[in-house]
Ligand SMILES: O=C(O)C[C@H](Nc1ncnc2c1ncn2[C@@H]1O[C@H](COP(=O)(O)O)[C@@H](O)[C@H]1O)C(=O)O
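So this first bit is one chain, no partners, the form predicted on its own, shown in structure tokens.
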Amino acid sequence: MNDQLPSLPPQPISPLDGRYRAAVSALGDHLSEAGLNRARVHVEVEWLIYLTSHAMFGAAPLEAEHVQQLRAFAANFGDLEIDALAEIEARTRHDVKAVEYLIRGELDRLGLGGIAELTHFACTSEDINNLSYAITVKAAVEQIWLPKLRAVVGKLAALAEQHKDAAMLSRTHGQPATPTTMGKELGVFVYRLQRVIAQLEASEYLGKFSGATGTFAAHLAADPTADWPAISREFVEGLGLTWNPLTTQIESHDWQAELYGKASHANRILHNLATDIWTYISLGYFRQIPVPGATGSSTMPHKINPIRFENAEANLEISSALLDSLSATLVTSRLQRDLTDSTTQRNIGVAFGHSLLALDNLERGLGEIALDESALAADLDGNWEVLAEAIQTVIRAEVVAGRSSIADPYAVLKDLTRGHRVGPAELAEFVQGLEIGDEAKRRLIALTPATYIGVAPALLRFLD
């Protein structure tokens, strides 16, 4: 018997390119092999334009039409160029050299073969690669990933404002604790994420452009009179990046480690959010809004599973694992260069893809829940013993003010409430019998678990 099954047509191995493609496909414009190659063409073209516009080595500045055509060639990089590069690389066995030959071919087509030797001039492959990665990562983060993160935070902030007065029982160590409001608890996550977003927005994207070992040796050999560090800085900053003056053959990737660390931190805050919302759903605080036609369980028709938050949780874990690995490995390169970063950086898109997928699920999940205030109220009404904190704190204040001589108020309330339920009538009777001022008694007797929320609603004013 032959147990070998017939082969399937070519299939994606990663679910990001299969089942979840629709949610993450925008990243492919930047964090893909084609996106990287488009950026490489862009960098090579801009360097060629820079050299000619500065009349380096006697080259005449290009006509405006030719500059426009070359930039259009880079901007319109698509299927034809992808296929052409694949054919060239099959011969060269070198991806960056293939890009150089592609551009040389375009120069010949435009009648600019006379400046072909300025293509990839004095560059090591990493001069092109590091700038291309910085350009693509910057675009992916600023144009796709951060806007999605902001959208999730915006939806969360709206829910926090909507429910800022919705009193609910807290749970510390999983046990009933001092009440809060749902809005304030959601606001905690908004505040945490806003801080990380501000840090991400301030990220630097560094680039080097200094030759085989970062010394400008070939540059200086070609023109000893030029200020090559100044030229490098002007070129790198002209690409919208921050110049790194001191490197080996590679840009040191410290900015990447910093960026991925912050992105992973954001992931972990979102993971905390996902598990908390899941728990609030399990407690009945949030009801899930049924999606028409959707199946919750294959065997239990009544169920609506919190799959948005579970999917987000899992993908955030995968993303952070990859981002943490990138942060840890990219900052090390043996002596002046090794190639470990080459294959590692090809997973940047995978790392952000899983995070983007999680953000998509969180955004959708937050739009499919509704607060059940009756469940919150019932839980509060079943836990009057949480007022013990308020009572013992008021007694302490009364002792200090000279209106009470009760010794160890904490112990008195512990004996009353610890390990068993106490109802409103029992608490009111207890307060009436306390040796404290009448005003303090009135405040305590008027207090309920639902009103014992401090200034929780007002704390949302501290959000951006």
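Keep in mind the model is a prediction, meaning the values are calculated, not measured. Numbers follow the displayed sequence, beginning with 1.
The discussion below concerns the form predicted together with the named molecule, not included here.
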Inset, instruction - Indicate whether residue 374 is a 4.5 Å heavy atom neighbour of the named molecule in the model of the complex. - result: no
Inset, instruction - Give a yes or no for residue 339: in the model of the complex, does one of its heavy atoms lie within 4.5 Å of a heavy atom belonging to the named molecule? - result: yes
Inset, instruction - Tell me, yes or no, whether residue 89 is in contact with the named molecule in the model of the complex, where a contact means a heavy atom of each within 4.5 Å. - result: yes
Legend entry - Non-hydrogen atom contact residue 334 with the named molecule in the model of the complex at 4.5 angstroms: no
Inset, instruction - Select, from the options 71-79, 124-132, 107-115, 160-168, the stretch whose residues sit within 4.5 angstroms of the named molecule in the model of the complex by heavy atom distance. - result: 124-132
Legend entry - Among the candidates 195, 233, 150, 346, the residue which, in the model of the complex, approaches the named molecule to within 4.5 Å (heavy atoms): 346
Inset, instruction - Just give me the single entry in 383, 203, 392, 249 that has a non-hydrogen atom within 4.5 angstroms of the named molecule in the model of the complex. - result: 249
Inset, instruction - Could you run down 87-111 and flag each residue that has a heavy atom within 4.5 Å of the named molecule in the model of the complex? - result: 89, 93, 94, 95
